[in-house]
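Take a look at this single chain, the form predicted alone, given in structure tokens.
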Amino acid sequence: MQALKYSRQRESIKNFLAGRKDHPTADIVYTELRKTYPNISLGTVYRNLALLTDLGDIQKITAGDGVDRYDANTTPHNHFICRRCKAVLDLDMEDISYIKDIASEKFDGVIESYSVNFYGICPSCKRDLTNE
């Protein structure tokens, strides 16, 4: 396999995501990177996000609203998705990796990975709802 050519733009995408906890969309990444690379295209951002996902350097989170979000934290962890504002938040919780074993018990294939998303109302939206 051919070695991947270094790209300042791709490295900037990784660094931008590494400094975030809010799981930005490709459009947010694009908007921020244009400040440094005014000629970068949205297509370049999408291609690099896809490549970084394929390489395992970042993870793509599908929130169910048609807009993917990206996370530089590739360690196993769970997410909460607000059904009102669509925010994607990391959940600080105990390890639940045993669900892979439970799922494997009656499945004849091989489960290689899994993702768990929790859905509801985030703290910010909850405050807004109680103040209405």
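So that there is no doubt, residue numbering starts at 1 and follows the sequence shown. Being a predicted model, the structure only gives us computed values, none of them experimental.
The form predicted in complex with the DNA exists for this protein as well; it is not shown, and the discussion that follows is about that form.
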{"property": "Ile40: touches the DNA in the predicted bound form, heavy atom cutoff 4.5 angstroms", "result": "yes"}
{"property": "Proximity of Ile99 to the DNA in the predicted bound form, heavy atoms at 4.5 Å", "result": "no"}
{"property": "Touches the DNA in the predicted bound form: Tyr46 (any heavy atom, 4.5 Å)", "result": "yes"}
{"property": "4.5 angstroms heavy atom contact with the DNA in the predicted bound form for Leu4", "result": "yes"}
{"property": "Contacting member of Leu91, Val67, Cys85, Ala103, with respect to the DNA in the predicted bound form [4.5 Å, heavy atom]", "result": "Val67"}
